[in-house]
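Here's a solo chain for you in structure tokens, the form predicted on its own.
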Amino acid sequence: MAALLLRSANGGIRCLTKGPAFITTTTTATSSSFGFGLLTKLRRSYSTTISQDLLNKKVQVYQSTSKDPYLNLSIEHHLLQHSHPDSYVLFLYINDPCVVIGRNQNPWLEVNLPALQEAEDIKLVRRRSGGGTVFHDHGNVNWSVICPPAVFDRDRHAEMVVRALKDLGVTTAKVNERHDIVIAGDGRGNGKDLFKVSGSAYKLTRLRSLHHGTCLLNSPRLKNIGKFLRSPGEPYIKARGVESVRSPIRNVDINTDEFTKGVVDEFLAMYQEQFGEDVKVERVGEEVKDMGNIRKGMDELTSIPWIYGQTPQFTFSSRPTEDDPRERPALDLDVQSDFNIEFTLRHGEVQTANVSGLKYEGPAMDEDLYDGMASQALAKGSDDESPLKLYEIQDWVTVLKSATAGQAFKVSDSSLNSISEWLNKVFPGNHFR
């Protein structure tokens, strides 16, 4: 293997290393401050790959220069899968605005999809770890720690972040019984009400344990987060997956660079001296997106079957049922007084359907028979009897029309339009980006 060393304009050393399988480009430098702008007392490193030599180090720190949530979560997954089983890894990143749901959550229940559609600049992401729904933007720093399962503890690295916050003057920060990080008042002795500033989620494998969270530092969208997390479908959906626990939130009012430096310092205090390694912060970002595993991870995270098709089984009903006796909001629809529509869905596909109380147009009106035929058609889906996929529906007018296609009867236009308008708000199409 040959190496060429060049001195860069900023005084660092640029190393071009050519190996049998790939070429890597690495730049190192030293600067006087640390964060997502500059790094303190630690050498920076930029690479087009994350080499196995790096992944084999006992202590590793990575910082993303990208704000692409799909890329950052794919880098994180690569570190989880390929770092040495006995290593300790810290990964820090900031994402562009996005709503991130947990691995076993329901986007139609957790997220206001029409509001995301209107916002246009907010992505929807399903991560690979469990836990609840969170909002990311440039005022959040996401921290992730990967360690051996033998030393994993749900509070261990949350306490690490708490120590960093306290060193920055947030004296009331603590980890609560749900393993979230909370502060009293403004975090500096003013006020007693508790606010959540960082949640936690986990992914545990046989060889590795991942704990990550997002800390609200200075999010400019704090007041608007709620509207993206209130689904219009919530009154009608009963889910088997994990539902989010809503908590009061607030910004910590700390600069992202200061927080990043504080977390890195605490992480190194825990592990660097223990293993006696010279740790440098590895900068990763857009340049590593074409690594095989990372590209594969991005392709998965951005796919519609992953975002929506991974949804656990749930039921939807416009009226109270034995399993879900909650009262439903009154519906202003042009239907019969006994109108009801029910679905059972698994992985976003309709398993069973039951429709009653529609208004029809046609000869010899046998509404019960028509309801049964429409229900059967919705449950069957297309002519080849493949299930109707909720995430492929762009307009419910088309779906409801197809349920009576080829029959001597049809759903009346007024009934069809009013039901479709309501269902399009609950299960909107054209919001996939």
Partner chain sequence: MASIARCLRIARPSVVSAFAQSSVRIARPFSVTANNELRKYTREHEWIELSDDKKTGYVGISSYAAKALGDVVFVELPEEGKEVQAGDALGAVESVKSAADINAPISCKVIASNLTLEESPSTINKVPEDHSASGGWVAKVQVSEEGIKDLEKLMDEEAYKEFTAAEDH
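Predicted model, so just to flag it, every value in this text is computed and none were measured. Positions refer to the first chain, counted from 1.
Just so it is clear, the following notes concern the form predicted in complex with the partner chain, a form of the same protein that is not shown.
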Practice task
Give a yes/no on whether Ala330 approaches the partner chain to within 4.5 Å in the model of the complex, heavy atoms considered.
Solution key: no
Handout entry: Contact test in the model of the complex: Arg103 vs the partner chain, heavy atoms, 4.5 Å
Key = yes
Exercise for the section: Please run the contact check for Asp153 against the partner chain in the model of the complex: heavy atoms, 4.5 angstroms, yes or no? Expected result: yes
Practice task
Considering only heavy atoms, tell me if Gly130 and the partner chain come within 4.5 Å of each other in the model of the complex.
Solution key: yes
Problem - Proximity to the partner chain in the model of the complex, single hit among His179, Lys238, Lys359, Arg283 (heavy atom within 4.5 Å) - result: His179
Fill in the blank from the handout: The one residue among Ile304, Ala269, Leu204, Leu222 placing a heavy atom within 4.5 Å of the partner chain in the model of the complex is Leu204
Practice task
Look at the stretches 288 to 296, 115 to 123, 238 to 246, 213 to 221 and give the one with heavy atoms within 4.5 Å of the partner chain in the model of the complex.
Solution key: 238 to 246
Problem - Those residues of 319 to 351 which, in the model of the complex, come within 4.5 Å of the partner chain by heavy atom - result: Arg346
